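Have a look below at one chain only, the form predicted on its own, in structure tokens format.
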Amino acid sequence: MTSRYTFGGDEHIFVEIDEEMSLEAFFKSLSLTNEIREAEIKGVTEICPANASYQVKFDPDIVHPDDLLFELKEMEKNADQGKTTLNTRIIEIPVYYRDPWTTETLMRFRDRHQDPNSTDIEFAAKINGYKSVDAFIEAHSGSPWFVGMVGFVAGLPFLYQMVDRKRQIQVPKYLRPRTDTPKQTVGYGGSFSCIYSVRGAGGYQMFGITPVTIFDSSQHTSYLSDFMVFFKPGDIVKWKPINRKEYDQIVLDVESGKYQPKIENVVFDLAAFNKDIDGTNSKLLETLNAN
């Protein structure tokens, strides 16, 4: 992979790791941004990793753009390209698929959809060759997902399915964006899943909703007391299908401060994953379910 460096105005350097989104490109982006952060370069004010790129914001009064560009290129040149491990965490996120709130919302916007006669998840199941919605839900929730980036709106994670390319779910976005999406909707667009952290406009297909708060600017949520955003790049997510009764109980537990997301620390090895995808995923899920 040969990176492409460009300036974005007077205060940004944008680095495209690869034109193709992949775990290899993501891994390199995350590794480099971690190194930049640890280097504490004077004048750098913000570092934003993405799926196959990253962006650095800087103060040109403190560091000359050309000097920073040179330093970033040198860091990539000297980076340990053989490093394939990442200390991260695997998180279980409950999802109420086919919930009444996203269903009501999507029905209000059928004129903006490719298939006005079906729901979003029915459409996704059909175009991906699944015989039923239940089979589609099993595929969506059966394997873990990588959080490639967090953004667009505060706290929103974009997730990449950890299966071989031929098994990856692909669903187009709405023909025209909606003006409404319920908070904590689990959505899908292209090859990426997401969770809408706040209520607002959106164009991703809506499959369900999670009762887990993932963004809280007030930090009143017990597990967000240290930081208002729950996800971070490199997190691994496992969806867990739940029913209405379970959804309602988790909502109450989140509100009362009793709920704690199921999280386990893991070491992810990209080389081992590429050698045996299903075996690596099974070990990750075993770790999550061990306690």
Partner chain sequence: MPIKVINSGLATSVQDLGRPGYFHLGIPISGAMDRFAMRAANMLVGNKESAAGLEAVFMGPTLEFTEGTTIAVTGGELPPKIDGETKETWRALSIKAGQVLSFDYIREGARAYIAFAGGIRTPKSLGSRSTYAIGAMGGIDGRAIQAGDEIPIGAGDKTIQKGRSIPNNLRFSPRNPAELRVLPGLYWHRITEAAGKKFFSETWTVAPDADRMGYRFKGGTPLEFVDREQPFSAGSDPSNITDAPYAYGSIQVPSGTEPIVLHRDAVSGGGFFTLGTVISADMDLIGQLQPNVKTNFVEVTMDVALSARRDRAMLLAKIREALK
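Residue numbers count along the first chain shown, from 1. Values in this document were obtained by computation on a predicted structure and should not be read as measured data.
Separately, the form predicted together with the partner chain exists; it is not shown, and the next lines address it.
J.: Taking the shortest heavy atom distance, is Asn34 within 4.5 Å of the partner chain in the predicted complex?
T.: No, Asn34 is distant from the partner.
J.: Residue-level question: is Gln55 within 4.5 Å of the partner chain in the predicted complex, judged on heavy atoms?
T.: Judged by the heavy-atom cut-off of 4.5 Å, Gln55 is in contact with the partner chain in the predicted complex.
J.: Considering only heavy atoms, tell me if Gly279 and the partner chain come within 4.5 Å of each other in the predicted complex.
T.: No, Gly279 stays farther than 4.5 Å from the partner chain in the predicted complex.
J.: Can you check whether Phe227 is within 4.5 Å of the partner chain in the predicted complex, heavy atom basis?
T.: Phe227: yes, in contact with the partner chain in the predicted complex.
J.: Based on heavy atom distances of at most 4.5 Å to the partner chain in the predicted complex, which listed stretch, 83-91, 155-163, 119-127, 97-105, is the contact stretch?
T.: Contact criterion met by 155-163 only.
J.: If you check Gly257, Pro60, Pro241, Pro261 against the partner chain in the predicted complex, which one has a heavy atom within 4.5 Å?
T.: Checked against the cut-off, the match is Pro60.
J.: Work out which of Phe109, Trp145, Tyr174, Phe192 lies within 4.5 Å of the partner chain in the predicted complex, going by heavy atoms.
T.: In short, Phe192.
J.: Determine the residues of 195-213 with a heavy atom within 4.5 Å of the partner chain in the predicted complex and present them in sequence order; the list may be empty.
T.: Read in sequence order, the residues that approach the partner chain (within 4.5 Å, in the predicted complex) are Val198, Tyr204.
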